[in-house]
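Next up is one chain by itself, shown in structure tokens, the form predicted on its own.
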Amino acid sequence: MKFLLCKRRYTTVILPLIMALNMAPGEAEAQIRITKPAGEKTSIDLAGMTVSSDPASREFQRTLQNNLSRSGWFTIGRPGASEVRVMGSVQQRRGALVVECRVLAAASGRSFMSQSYDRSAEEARRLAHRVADDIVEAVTGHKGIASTRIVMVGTPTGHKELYISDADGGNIIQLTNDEAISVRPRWSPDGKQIVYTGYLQRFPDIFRIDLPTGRREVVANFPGLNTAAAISPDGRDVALILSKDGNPELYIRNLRSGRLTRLTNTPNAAEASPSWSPDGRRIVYVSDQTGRPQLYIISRDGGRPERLTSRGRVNVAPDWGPNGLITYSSFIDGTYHVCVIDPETREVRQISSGATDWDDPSWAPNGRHIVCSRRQNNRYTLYVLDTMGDPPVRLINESGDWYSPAWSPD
């Protein structure tokens, strides 16, 4: 058994809070925010940040600008013609990257934030992600996603292995090196573990990888299928699909005791792809009990499932987001598209467009962006969709097929 871990509706409120922003003792400024209708962006000028010529400082500058542009909240504006100004400096000192950053409202000069950062020059990208997230939250009140990560399946080696990248698709790390099939990775709620289905013994079993230590353990290896694991929001249980009793059914297994609870009983159908509600009380999953795959919701305590979807011949791959909405892939007019449904009102929005297949959607923790796979010319790669209208952004430009992504919780 081989294992590898190697590098390769618009709602924003102005809060009348007083916070210290790395100022001299006794200094403080009223926190301010920019509020705009959904889809409108704030122009931000980065020219006021002096950047040294060393490679780490330049990488920081490029990554910061890219992060702010990808956030969906900003456009990179011109000096003297922007609503927000970023002032400060980026320079390398004795192997460390030192960043001074002050963000001001251009019209009033009031400060959104003022902060100093110090990190190893080798971590220039990670530092840029953090600064970008701080700027996004300080100016808009929304959580940034630049510091988050994405786990995915990739085939650049010719095998379906797991990889992790930064939210912008950079810094790709190969996580498994099994020369076997690895599919459907999912994060633990603390972002420290990955569960996935692996075919190390030729049959599908469920594994869990502890990222800080690299240790891997078996979560389920019952006779038959062991697939589609999803850890509960409290981290105690895992929803999974097992066929140990003859038919693929939805179960919950306690990760500490190993106790199994069977939730479904559909002898003439198959279940797949469970995803937990944010409060951990319900699970959305796929079942073909009516003849075609559709989404259903069931209580974590069991009971009668409720059919969720009615539009689209086939509805698969649900992901229940932190915003309470469920994204999934729906077969519409001959093509799979990413859609979003409100499980309470049943209102549906189609997010993707065009005559190509979009599949495997996963919510970003900001509840705005979705990462998914897209098929073009019989090849698969990953894109990020913006539910507020920005055009799709290609995430991965490496060779091979890339699919089954999952966004980290933070």
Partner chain sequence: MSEKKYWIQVSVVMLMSAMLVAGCRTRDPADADGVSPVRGVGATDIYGQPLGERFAGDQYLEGQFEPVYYAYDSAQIDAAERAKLESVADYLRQNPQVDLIVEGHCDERGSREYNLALGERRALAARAYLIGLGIESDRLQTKSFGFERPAVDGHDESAWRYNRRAEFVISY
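Positions refer to the first chain, counted from 1. Given the structure is predicted, the values throughout are model-derived calculations rather than measurements.
Absent from the display: the form predicted together with the partner chain. The rest refers to it.
At the 4.5 Å threshold, heavy atoms of residue 324 stay clear of the partner chain in the predicted complex, well away from it. Mapping the unseen interface onto this chain, residue 222 counts among the residues with a heavy atom inside 4.5 Å of the partner chain in the predicted complex.
Not displayed here, the partner chain is kept clear of residue 104 by more than 4.5 Å at the level of heavy atoms in the predicted complex. Looking at residue 109, you'd find every heavy atom of it more than 4.5 angstroms from the partner chain in the predicted complex. Across the options 74-82, 265-273, 116-124, 90-98, residues that bring heavy atoms within 4.5 Å of the partner chain in the predicted complex belong to 265-273.
Exactly one listed residue, out of 140, 188, 309, 226, brings a non-hydrogen atom to within 4.5 Å of the partner chain in the predicted complex: 226.
Note on the partner interface in the predicted complex: the residue among 169, 204, 305, 144 having a heavy atom within 4.5 angstroms of the partner chain is 204.
Contacts of stretch 393-407 with the partner chain in the predicted complex, defined by any heavy atom lying within 4.5 Å, are made by 403, 404, listed in sequence order.
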